[in-house]
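The chain below stands alone, shown as structure tokens; this is the form predicted on its own.
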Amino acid sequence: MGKMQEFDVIVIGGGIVGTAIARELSRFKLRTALLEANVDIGAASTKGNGGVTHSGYDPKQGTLKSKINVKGTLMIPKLSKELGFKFINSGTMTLGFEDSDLSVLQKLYKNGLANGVPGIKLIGRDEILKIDKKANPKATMALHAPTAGVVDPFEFAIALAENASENGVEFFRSQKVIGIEKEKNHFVVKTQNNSYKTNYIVNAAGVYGSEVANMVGIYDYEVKPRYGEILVIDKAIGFQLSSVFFPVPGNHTKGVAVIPTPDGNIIVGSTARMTEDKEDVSVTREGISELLKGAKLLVPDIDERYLIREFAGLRPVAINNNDDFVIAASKEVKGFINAIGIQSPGVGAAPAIAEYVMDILSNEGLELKEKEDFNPYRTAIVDFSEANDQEKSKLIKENLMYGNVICRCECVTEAEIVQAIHRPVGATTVDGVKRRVRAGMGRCQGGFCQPKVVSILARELRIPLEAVLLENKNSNIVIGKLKHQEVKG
């Protein structure tokens, strides 16, 4: 092990919150690092998420969540242009069916006005069907929130990370923090195989937020996971939605939503139950039934024959904290800032959380000098499937790898996969490729293209096929040859 690396700020956790904070830190003349326990960024709570950027009518008035949610969501359109990730300004409709629903929707409407949510209004059946004809015609009323939208949460996190990296932030993956020592004016952060010295720590460790805080003797908060299952509906269902649909919410959840994705699929999610297990993301038959029933209430044309995937995610909930985010500097441990308990609406709120954390760091004594050469722009990988014939010909002429389609379902080329691997904070796993360029996201879910993706990863990373991972440690796909043949000359 070489000399211990030294930083001004270390962010622990590479989900949507950690990457947003890293990108904000990259604006300043600082030595910044981000440590992520998993093999890739955006691979924990962020990927198990519907991707809705909520308008902000739901959080309790006066909470930190209510202020940050509204502000963050309004920042997304500009960020989408700067960072080249897809954003659909679809708005949301919360549908009501019975007289008793009206009082709940009116309460949410008033709460939204108090939170400063722009443009929200209560609408009737005719307006609902005008916005989206696929809505259940039995719905008699809805709360319409036009500023809300949809992103791919992992695409958003990857865009933030790439831009932060290009602006000087160092990313260290597969670096699970196992201990933190406080020494006078700095910390020593220990992982399984390295140590890092830093003056400030921002704890954005998701469901492990309280464990990381405990390492420096902070026991103020307990973060527990809320488990939720999500369904993915194939594009072949033949229609796209113009709005996100919610039912009238329950006490602790927004209920089963039907969500159009930026890439044309429909997501149904999610179930919700508190759990103790911070790793279990297995799925259940009961979950599928509950989700389909909830989806058909909102959009009757949802058809289970087009279901191509079910997955689950864990949302970090700060217990006994008024259902609020925890974003604050520790009073006892100088230089340690928590950004934990970031459950829904964390994706939309993330940009404003990052700005809020900058204010906290500044108040804690960190000098924030802006870089003259900060570049806010990041160019996305060209999506070959969306190019016209003339553009496709030009791309193939410039790079023959564009002529080799690897994933037929999503029309993803070898050129796109190679770029995904070699970009800043690039893909090193099959799922890392999938999240960056959608190879394996289609109807066959990688049945056709996975072996080819494995070969490209092995070639580009210069590792044996047996070393290529699906996602995290010990998820090797190839475990050896079936036949050992001698070639005789």
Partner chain sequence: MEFNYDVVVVGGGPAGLGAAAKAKESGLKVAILERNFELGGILNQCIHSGFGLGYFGEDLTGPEYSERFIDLINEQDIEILLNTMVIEITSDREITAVNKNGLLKIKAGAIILAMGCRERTRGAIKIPGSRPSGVFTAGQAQRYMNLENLKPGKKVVILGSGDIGLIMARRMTLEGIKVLGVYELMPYANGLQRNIKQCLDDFKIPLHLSTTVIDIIGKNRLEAVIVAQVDEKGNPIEGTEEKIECDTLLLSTGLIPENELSVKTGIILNKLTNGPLVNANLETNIRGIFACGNALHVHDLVDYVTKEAELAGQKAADFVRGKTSLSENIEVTPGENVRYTVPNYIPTHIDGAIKLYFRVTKPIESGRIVVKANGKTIFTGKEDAFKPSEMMIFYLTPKVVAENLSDLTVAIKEEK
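Positions refer to the first chain, counted from 1. These numbers were taken from a predicted model, which means no experiment stands behind them.
Not on display, but discussed next: the form predicted together with its partner chain.
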Could you tell me which one of 188, 328, 131, 396 places a heavy atom within 4.5 Å of its partner chain in the predicted bound form? 396
With its partner chain left out of view, which of 75, 288, 366, 102 would have a heavy atom within 4.5 Å of it in the predicted bound form? 288
Please run the contact check for residue 451 against its partner chain in the predicted bound form: heavy atoms, 4.5 angstroms, yes or no? yes
Taking the shortest heavy atom distance, is residue 146 within 4.5 Å of its partner chain in the predicted bound form? no
Please run the contact check for residue 162 against its partner chain in the predicted bound form: heavy atoms, 4.5 angstroms, yes or no? no
Applying a 4.5 Å heavy atom distance criterion, does residue 178 contact its partner chain in the predicted bound form? no
Could you tell me which stretch in 218 to 226, 77 to 85, 278 to 286, 351 to 359 has residues with non-hydrogen atoms within 4.5 Å of its partner chain in the predicted bound form? 278 to 286
May I ask you to list the residues of 443 to 478 that have any heavy atom within 4.5 angstroms of its partner chain in the predicted bound form, in sequence order? 443, 444, 445, 446, 447, 448, 450, 451, 452, 454, 465, 466, 470, 472, 473, 474, 475, 476, 477, 478
